[in-house]
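Only one chain is shown below, in structure tokens, and it's the form predicted alone.
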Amino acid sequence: MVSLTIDGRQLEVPEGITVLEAAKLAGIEIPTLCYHPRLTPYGGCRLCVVEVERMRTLQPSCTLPVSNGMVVYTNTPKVREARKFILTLLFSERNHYCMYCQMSGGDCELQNAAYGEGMTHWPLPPNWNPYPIDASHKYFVLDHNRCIICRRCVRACGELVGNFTLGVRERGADVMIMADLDVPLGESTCISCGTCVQVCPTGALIDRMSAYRGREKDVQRIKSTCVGCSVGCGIELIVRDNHLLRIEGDWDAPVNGGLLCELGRFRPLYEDRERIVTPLVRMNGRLKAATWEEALHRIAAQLKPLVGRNGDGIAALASTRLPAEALYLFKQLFAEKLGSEMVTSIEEGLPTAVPGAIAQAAGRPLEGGLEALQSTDCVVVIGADLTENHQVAGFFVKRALPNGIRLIVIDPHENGLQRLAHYALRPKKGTDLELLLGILAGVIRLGLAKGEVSSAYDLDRHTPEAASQITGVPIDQILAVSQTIATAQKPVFVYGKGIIGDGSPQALKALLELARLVGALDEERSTVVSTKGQANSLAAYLYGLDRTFEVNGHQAVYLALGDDTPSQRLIQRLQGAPFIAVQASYVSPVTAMADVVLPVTTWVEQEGHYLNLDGRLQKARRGLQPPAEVRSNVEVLEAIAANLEMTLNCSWKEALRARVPIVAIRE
């Protein structure tokens, strides 16, 4: 601990923190602009200057480390004069016409800082030089007139996301934020994660959807969980008058630490599918509006005669975007109460069945958490494109590259991480197993294995040379990758459906054996992570909703689609079913085929729990009230059960423990 004095208060603070952080711990407010708690202190704007005894000049508190005996003053006349001067220069450099800015009135940190110093006007007039506005981006606008060159956006793009799209050009008063080599944002390498917009302290970066629709004091912030994929990022829903204005990353969330991708931040705001707002029942060949009683009665009349009929009874399918509570009721109703043998999820266990079976056989979880990516020195990504799916996990990898980690990408297809990788191996399609065995044999040959290889592998046959011949990957690359992985202190393996999509466990078993030999997997710990699928992919597996879906003589199909989008493959397989009932939020080809359609809530209108890819059980909270005739997925399943005179229990959490999990569950 370090002892220092700030504004006459004796403080004991942790060693290594800055004066600004020490002041925050003590509840002493120091104004800032370029500082952001998630970014490396930069000391660019100097607004946070303080006076320190025995130091000749004012010091930026955001970069000044605390030291024993330090005496700091944060609010002296000298300090306040300096802050006013800094703000005066900032206002004079660009065109800050607050009356026309949507951030004015409490949301602009520059304006708030000026009011904090008692400023009511510009002591220096602006230079009246008009600056360009870049409106080329689909989701947000960059107005250079309102920019204060704090570089928060630039640093967030690099430090937090690892994309390094934003930078600066020119010097002095001519400094401008630019994308790539000064191209319009809409034509740049921007990946639309929106982190730059979230950290901007002024109205320089504003998102199109929420601009001018409400200041911070007008809106409600609701912490929730993104259901865009299995990463399960923490989000904040910004809501006003039952409208979702904006989605921001929750800086306090343990999974993502404030980061979001395009799928989580922007796409839900641009949802344009037609909403279903009343039950529909097919009559005389056409779907017509009906009451809930009529719709539920029709379903009960169709399902009741089919109870317990295996093979030609009821087939039921649920989206893995549904909350765990709904998935568990779905499983109970159709598998246990109605006795159907064909009850599964839309994913059909594709991303979970193979690792689940291996975990079941081992009797313990075999995977670890995403936090392993925070301290790794070598990442192997195989069968997954983290620039397309599960992007926030990809941000963790990309932002660690400047710290010297080694990245190895194994994928026969084009993969956005390949251009960043130290080794990008592209084996022939379907030869992942041979390549992994070749790398494993390379580790043994180099004498770098941290254990004995399993007798299940004949390394006299699976040599690096044989792997090279089969996969088409040069032998020198196989051996180089073997050495890189085996000499890493904390290797992490991230795999996706690419190596398990064919349903064979052999490639994954070889990957796990390789992980064990290089110290990434043992009885106590694992740094092997799979991306899985949608938001509740893991929960669906644990409820046993992981078998292949087949409509083969079934007299009725029930689809709990929620707000999911049906695939063409699913649409084709449902054609010809004698009776189809769907609970869905939006009109789709599946609802057009249905005999009964029940309107249900979207992700933002319902509450429930989600089990993310690394086993965290998290709650998604309701942000909006649904339309009057729309019910939650849970309520619909309970209503169907009630019409069938069946009772469902709500022990969804206990049921998650029925199977050995792929990764340990954390609550």
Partner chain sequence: MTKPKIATDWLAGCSGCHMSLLDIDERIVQLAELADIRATPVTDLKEPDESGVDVGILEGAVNLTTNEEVAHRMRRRCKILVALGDCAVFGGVLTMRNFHKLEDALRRAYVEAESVDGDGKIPSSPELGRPTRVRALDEVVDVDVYIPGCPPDPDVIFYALSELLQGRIPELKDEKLHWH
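No experiment lies behind these values; they were computed from the predicted model shown. Positions refer to the first chain, counted from 1.
This protein has a second form, the form predicted together with the partner chain, left out of what is shown; the following refers to that one.
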>> Against the partner chain in the model of the complex, would Ala114 count as a contact residue? Criterion: heavy atoms within 4.5 Å.
In response: yes
> Would Leu89 sit within 4.5 Å of the partner chain in the model of the complex, counting heavy atoms only?
Replying inline: no
> Would Pro402 sit within 4.5 Å of the partner chain in the model of the complex, counting heavy atoms only?
Replying inline: no
>> Whether Thr120 contacts the partner chain in the model of the complex should be assessed with a 4.5 Å heavy atom distance threshold; does it?
In response: yes
> So which stretch, 424-432, 124-132, 366-374, 572-580, is the one near the partner chain in the model of the complex (non-hydrogen atoms, 4.5 Å)?
Replying inline: 124-132
> From the list Pro589, Gly544, Gly105, Pro254, which entry has a heavy atom within 4.5 Å of the partner chain in the model of the complex?
Replying inline: Gly105
> Pick from Met283, Val277, Ala362, Cys98: which residue has any heavy atom within 4.5 angstroms of the partner chain in the model of the complex?
Replying inline: Cys98
